[in-house]
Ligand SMILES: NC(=O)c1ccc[n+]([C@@H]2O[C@H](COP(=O)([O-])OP(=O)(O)OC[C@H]3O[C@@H](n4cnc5c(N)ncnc54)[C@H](OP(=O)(O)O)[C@@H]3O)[C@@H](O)[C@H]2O)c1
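One chain comes next, on its own, written out as structure tokens in the form predicted alone.
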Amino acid sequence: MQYRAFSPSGEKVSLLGLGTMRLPVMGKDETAIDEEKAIRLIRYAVDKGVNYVDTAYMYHGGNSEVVLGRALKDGYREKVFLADKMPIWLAEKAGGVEALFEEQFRRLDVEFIDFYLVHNLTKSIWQDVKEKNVLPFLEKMKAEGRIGKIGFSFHDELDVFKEIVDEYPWEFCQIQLNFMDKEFQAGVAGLKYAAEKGLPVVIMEPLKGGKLVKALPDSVAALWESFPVKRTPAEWALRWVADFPEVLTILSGMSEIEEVDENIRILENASPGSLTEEEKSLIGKVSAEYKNLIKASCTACRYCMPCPKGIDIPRVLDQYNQWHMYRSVRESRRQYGFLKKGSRPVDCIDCKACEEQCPQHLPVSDIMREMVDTFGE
């Protein structure tokens, strides 16, 4: 296992981290974790040298924290850095910030969380964090020995990322990064900016929720196969992320022991700067080919909004394109489930007001019906 140093304190963190958002489940119910299989997988990863394990309050409908806590019994808690996140938008429903925080500790059944993040920061959530005095509360919890390092995970634009980084003395951050998302959200520029500010960076979605490794389009598979160096799609994707020296650890949502073994093998020797220019060029060609598969050329101009039924049309169109690009069934269904009930494609009334305003002349109503046919109600 390769380890990278957490600056400035120097802890050795495994380059491969275990994310617990995609644990093995029973059937199609993402809340129904196969507990026996999940615990076996988590402990296997730790036994193999993975020492950074990440969870969050809402993963698997709240069951990820519970199952992870059980997996960390029998001496496994002492072997890992445990990371958890506070979803401030759920604090009121949970009874307040303090109540939500305490519930996480009850679920995990631990006394200390090493890396504690404010979850899913966007411009609006960041304002909410400040108004609710979340950070002074976390500082108090740190002073009392309940949590270690304070950080944040991020899902917004680069300028917002820089603003958040600059407004508080964070100790680390977590961003989404893969070879398809070089300029998405914080992206590579955000990775570099955080590093310049002295922030270790945890990477999530290196395989884009498995989309970069499953059900490859023929044209993408042909590009990988054309290169003289033979690697799996997962190896190309993980090595692309690991090539950045600014990366502390790479979270992978593994659900099979075989995936643990493969990812460890891939990252054992994935040192920064090890990709050749020819290899980087190949990855660039694959990225371009994926983009060629975009079916609805939505530019997110939002001229189609507001929808009379409250449907976030650009978001649905993005999911539509993601499905046609990657055909990742589990991840696409999970993302589809995030759409608000009452304002999903099934609620489209075919008024075509959006189509009248769309500069790209997209058949939005037809796309809504196709989404319903594909994913149901």
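These figures come from a predicted structure and were not determined experimentally. Counting begins at 1, following the sequence as shown.
A second form of this protein, the form predicted together with this ligand, is not displayed here; the remarks below concern that form.
- From the list 250 to 258, 139 to 147, 277 to 285, 165 to 173, the contact stretch for this ligand in the predicted complex under a 4.5 Å heavy atom rule is 250 to 258.
- Of the residues given (Cys304, Leu82, Met204, Ala71), Met204 alone sits with a heavy atom within 4.5 Å of this ligand in the predicted complex.
- Proximity to this ligand in the predicted complex, defined as a heavy atom within 4.5 Å, holds among Gly210, Gly190, Gly151, Pro200 only for Gly210.
- Taking non-hydrogen atoms only, Lys182 never approaches this ligand to within 4.5 angstroms in the predicted complex.
- For Ala234, a non-hydrogen atom is located within 4.5 Å of this ligand in the predicted complex, even though that partner is not displayed.
- Though the partner is left out of this view, His119 does reach within 4.5 Å of this ligand in the predicted complex, counting heavy atoms only.
- At least one heavy atom of Met21 is located within 4.5 Å of this ligand in the predicted complex.
- Contacts of stretch 214 to 232 with this ligand in the predicted complex, defined by any heavy atom lying within 4.5 Å, are made by Lys214 alone.
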